[in-house]
Each structure stands twice: as C-alpha cells, then as structure tokens.
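Next up: the same protein chain in two forms, each one alone, written as structure tokens (structure 1, then structure 2).
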Structure 1
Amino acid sequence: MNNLDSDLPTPVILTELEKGVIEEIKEHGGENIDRCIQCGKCAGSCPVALAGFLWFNKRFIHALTLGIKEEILDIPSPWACVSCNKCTEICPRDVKPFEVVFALRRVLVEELAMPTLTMEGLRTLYEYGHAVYQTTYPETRKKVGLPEKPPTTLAYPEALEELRALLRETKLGEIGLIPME
C-alpha cells in the first residue's frame, strides 16, 4: 500500500437494513436521494438552516443515505420546511432535496412520529382548508372591514369539499390519523 491509499477515507458499507431506508425514501417521493454529494448548496438556501435549526435538508439527506432513521424520528424540523423549493432550484445534482424532506414527512406520518401541532394543523386543514385557522378570524376580519371569509376554500364550499376528498385519498385518510367524515 502506498501513502495515497492510506489517505483515502474508509468506504461506508451499508447493511441491508440501512439500504432499506434509502429505498423507503425513494418509494415516498425522494427518488434522487442517492445523487447527493453533500455539496451543501441546498443548506445555503434553506430557511430552516438559516433560522438555526440543527437539522435541515442536507443533514437529513446525509443521515438517510447512511441508513439512519430511528434517530431522526423525533426531530421536529422536517415539519419546519416552508416549501420554498429553493433547495431544488439550486441543487447541481437534481437531488430535489425538497422532495426528499417531504418523502421523510410521509415516512414520519406512517411511523406516527409527528409533533402535536402538526396533528392540529392537519385537522384544521381538513376542517377549514387552512393549516392555521382560528375560529375568531371571521370576527377579526369583519372589524377591519374585510369579508368574514377570505377568498379561499372557506368562501368556496365546493373547493373545500374537493380538498377534503383529496386528503381522504392520501395516506392520512388510509391511516385514519385525523377524523375525516
């Protein structure tokens, strides 16, 4: 062995279980996860990383490609993603980090590893068409001269019913995580 060989990092050999994590992410929408070279461009544009969360797109992708899953089940920052999609636009390898984070969210839903506020957000999304909604909003809107209902699913019952039908067709409906009547 020459000196050049001794300077090379030791290759990581994944077990079948660890490879399963990558396949699970791919099956849930993160098809390009194994294209990541950890360049960090996604992290440089990520509002979650810039806000100081310790876990953000690049770290999740790194952990998942190493087969680490159990350790990240209780980390709330996948739910902090604001869906800006900047990470996908800047990625030079077409990893689509946004889709990997959302694939991770789908896995977390199946594992029932979601923060309480996420459950509340899903419930109000189904009920009102908004993940964040308070029953005092109509009165507040009326006080400032706005219609009681914003021009969203709240004002269009057929749109709200369409949203509910879509949600019933998702994994959320299958799992029965929130009441969907």
Structure 2
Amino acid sequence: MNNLDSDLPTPVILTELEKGVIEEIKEHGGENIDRCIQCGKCAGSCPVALAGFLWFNKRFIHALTLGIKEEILDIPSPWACVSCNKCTEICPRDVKPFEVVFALRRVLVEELAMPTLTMEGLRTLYEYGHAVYQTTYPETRKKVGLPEKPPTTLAYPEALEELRALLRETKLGEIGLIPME
C-alpha cells in the first residue's frame, strides 16, 4: 500500500462475512459494483424508482457494498426491474447497475428467495421452450391465417429435447427449482 492510500480514512470496516456479499455479487456478474460512488444517476433514470418502489438500483448497490444481504432477501423490487438498462447507459462510473441487480437476483435464487411467477416462467421454458406461454395460441394463430404451431420448439420436439438437455446442464439443473425429468 502506498502512502497516499494509507492516509485515506476507511469509512466502513467490513467483516469477512460482509466482504463475502460483494464477492458473491461480482462472481454472479456484478463485477463493477465497487466502482459506485452513489451519485444517484441510476436512480434518477430508473422506472422501478419512478413507479414508487422504495428499493431500486442505487439503494441495492449501497446495501450490498455494506455487506448487507439477509435484510434484503424478501424485498420484491429486484424482481420489478424491467431490464431497461437506462442505468447502465447513464452511469458515469461504468458500474453497470443492471448487471448488479441481476447478480442480486442470481444470489437470491440460490437462497430460493424468488417470486412464484419466476418459477412459472422457468417451468414453461423447460416444458415448451417458451417462457411466455399461452394455451390458447393455436386458435389465436388460426384467426390470422397462420399454421397452428410456430416453427419453434413447439413444432420441433427434437429441438425441445435438445433445449431441455442444455437447461439440465445449467444451474437450473443443479439447484432443482423445477421438475426436470
């Protein structure tokens, strides 16, 4: 450590456990989290903040850099992120707040702290190859003169099997969130 660094005050001293939270976020894709200076440009551009949620990008980043995790496990708003990436576009420090929020989601999933709708999307992705699935699709398609099945995994069973085999290779297969026989 050079002299200049050693003269700087250390505002918060993190325990090993708390430091682990930042490392977890970095491992899950939020590599630039400790570049954040809490300037607030991400919050000013965030639809989740504008919609009135009390927790949004800037506050999550703040909490995580303080090593706080348990306390935010049950907050719903990481799942309200619309993935718009306006925060990542506007951030002057290249923190990529979107990546941090999604890293947080991945950490939460490991703790099984996720909404049921997420489970439903994962289930239909595995079952049909489509996360957004509608049982009524064949009639809807017929109405506008299209074949009942689109040329996706729905029309190609071998492609669906291939996708399922791939999904079993991912963490989804490892943590057993959904039945994957």
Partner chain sequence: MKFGLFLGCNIPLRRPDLEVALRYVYPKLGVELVDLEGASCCPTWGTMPSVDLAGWCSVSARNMCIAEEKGVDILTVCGSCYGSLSETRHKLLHDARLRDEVNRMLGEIGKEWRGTSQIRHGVWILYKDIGLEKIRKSLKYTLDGLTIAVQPGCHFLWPSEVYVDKERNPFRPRVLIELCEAMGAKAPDYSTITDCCGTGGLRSTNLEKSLKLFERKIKSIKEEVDPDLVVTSCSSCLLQYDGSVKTLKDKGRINFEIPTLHIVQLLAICLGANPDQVAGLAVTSPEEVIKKIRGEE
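Computed from a predicted model, the values in this text were never measured in an experiment. Take the two forms, find the largest set of C-alpha atoms that superpose within 1.5 Å, and that set is the rigid core. Residue numbering: structure 1 sequence, from 1.
*Asks:* Quick check on the two chains I just loaded: which one is the form predicted alone, 1 or 2?
*Replies:* The form predicted alone is the one given as structure 1; the other form is structure 2.
*Asks:* Using the two-rigid-part description of the chain between the two structures, establish whether F56 and T136 are assigned together.
*Replies:* No, the two residues fall in separate rigid parts.
*Asks:* How much does the smaller rigid part turn between the two structures, counted in whole degrees?
*Replies:* The answer is a rotation of 19 degrees for the smaller part.
*Asks:* Keeping the rigid core fixed, what distance in angstrom separates the two C-alpha positions of V132 between the two structures?
*Replies:* Reported C-alpha shift between the two structures: 2.6 Å at V132.
*Asks:* After superposing on the rigid core, how much does the Cα of L163 shift between the two structures, in Å?
*Replies:* L163 is displaced by 4.8 Å at its C-alpha.
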